[in-house]
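Next comes just one chain, in structure tokens: the form predicted on its own.
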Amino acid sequence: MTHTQWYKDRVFYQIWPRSFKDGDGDGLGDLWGVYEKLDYIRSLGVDGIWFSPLYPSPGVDCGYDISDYMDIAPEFGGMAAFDKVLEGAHARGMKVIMDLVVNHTSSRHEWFQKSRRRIDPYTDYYIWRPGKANGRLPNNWDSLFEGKAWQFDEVRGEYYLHLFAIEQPDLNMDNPLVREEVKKILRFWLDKGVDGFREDVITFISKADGLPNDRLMPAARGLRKYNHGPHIHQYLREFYDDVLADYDCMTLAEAPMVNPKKALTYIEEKPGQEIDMMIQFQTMNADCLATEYVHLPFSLRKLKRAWSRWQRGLEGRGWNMLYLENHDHPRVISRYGSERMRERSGKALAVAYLFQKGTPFIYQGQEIGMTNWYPEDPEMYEDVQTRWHYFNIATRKSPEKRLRRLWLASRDSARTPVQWTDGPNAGFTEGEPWFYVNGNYREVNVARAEADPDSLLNFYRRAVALRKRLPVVRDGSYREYDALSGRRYVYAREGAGQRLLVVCSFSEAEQRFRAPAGFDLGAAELALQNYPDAPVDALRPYECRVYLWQRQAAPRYSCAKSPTTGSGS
């Protein structure tokens, strides 16, 4: 079957189901709630949906611990509700992709329960090892969620590997029977009509032969031994050749610790391509060191370097996935913007990424400017990773300092219920919400944003519509200007008889601005802005603008050959 690369023309919306919308009144978001809001999602200009896991799960890691890959959890409405949502999305011209989580399962999965009892053929479905002498673990690897990466199982009398929660044992992908199980999962959902997969930590599925100690990593030991392992390309190619090649689908790989050069070994558009796009983490590290739990002041320069590195690194060879938020990171306005200037900074952030080259993803609540959550009690957090950090890391610090770290870092800030109205429970449910609603819901909600033509929500609609109207955004070249500025992000796109200049302020103070040489702002259409006027020599707090030139109005110009010029300071 021909793969049409339809994903290059789409804008996706990520739904984290349990916090999106409750349709049956039990307090938990579900597919009936999603069905109710399909027209809202489509109104954003979105034509694709990514669902975080909907499968049956004990919920230790909020659905990423799967106990049955070929069903929909009853609390989400079961398969009947999924079929209705899939049909409704397709009827509205929207593609649907599912989360594929095959590095690990739930410890309650039938495979694991049989594997721990050595029942064939499941005996080697997981990574089991005896302990070493003197009670030592099989190796020195760390779990990314909870302590060391090995857990002793009393039934089997051996240790199993878990790179995440204790209840998330890693599958043994070196076993060809496990790879056949993955192919069955892929076929099941593709035959049902799903359009592709977001593949959770897929670069972890091949571990180093012999599982050696990791002697160089001071923290997250093992990461160099199980990320991009020796058989990763073999396994991904096998999945493609045996299943994915038969469908016009897309694949999006989550890939921690990846750079553009490494990404191209998976996504380069040439024979042998294994994956369509990658989720990289570098643009999420502008206020931290590798993880949000090692917090640093926000650096616009660091963010711009990451954005430009990926834009240039994949140019003409691979396709970018663009995002500002997802279920694994705190809210971006609280990190890279300003809660005090929530709407202005939210618009600047939107423009900064939506006009880059690639496929944009919008996370639920991002379009209305939802912000971080600041609970007063650490026990209020639900996330397994968050709780581990509070109760086991930096325990010599005061409870207040440890709690503030959670405010900055916890994934739970992205998992509070979507704020639909200023009514009870923010309009998320008529029951008792499964999780706490952010206290700012009376100010920040969809209903209020719908009523305001100048809201962040309506700005997202205009920005997405403009992006889709301009061929230059899909196919044009990219050139950054003013790279050394810590307060401005300025870049140009050129191609298809058009060029754009995108200008974004990341400061609460007004600043001087001078357009790069060769850009006559007086000859341009000001296609998008977040202030009612646009002085040519200044940028106001968190101001953003998109200038457009059509070929006939533009001087001869090439992003690739024009000299770099700076803006005024």
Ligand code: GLC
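Sequential numbering from 1, following the sequence displayed. Fair warning: this is a prediction, and the values are worked out from it, not measured in the lab.
Omitted here: the form predicted together with this ligand. The next part is about that form.
Heavy atoms of residue 328 reach within 4.5 Å of this ligand in the predicted complex, making it an interface residue. Proximity of residue 201 to this ligand in the predicted complex falls within the 4.5 Å heavy atom cutoff.
By the criterion of a heavy atom within 4.5 Å, residue 145 is counted among the residues contacting this ligand in the predicted complex.
For the chain shown alone, residue 542 is not a contact residue for this ligand in the predicted complex, no non-hydrogen atom being within 4.5 angstroms. Between 192 to 200, 418 to 426, 450 to 458, 73 to 81, the stretch whose residues reach within 4.5 angstroms of this ligand in the predicted complex through a non-hydrogen atom is 192 to 200. Between the options 262, 411, 221, 305, the residue in contact with this ligand in the predicted complex by a heavy atom within 4.5 angstroms is 411. 101 is the sole member of 350, 149, 101, 370 with a non-hydrogen atom within 4.5 Å of this ligand in the predicted complex. The three residues 382, 438 and 441 each lack any heavy atom within 4.5 Å of this ligand in the predicted complex.
Contacts between 468 to 485 and this ligand, taken as any heavy atom within 4.5 Å in the predicted complex, involve no residue at all.
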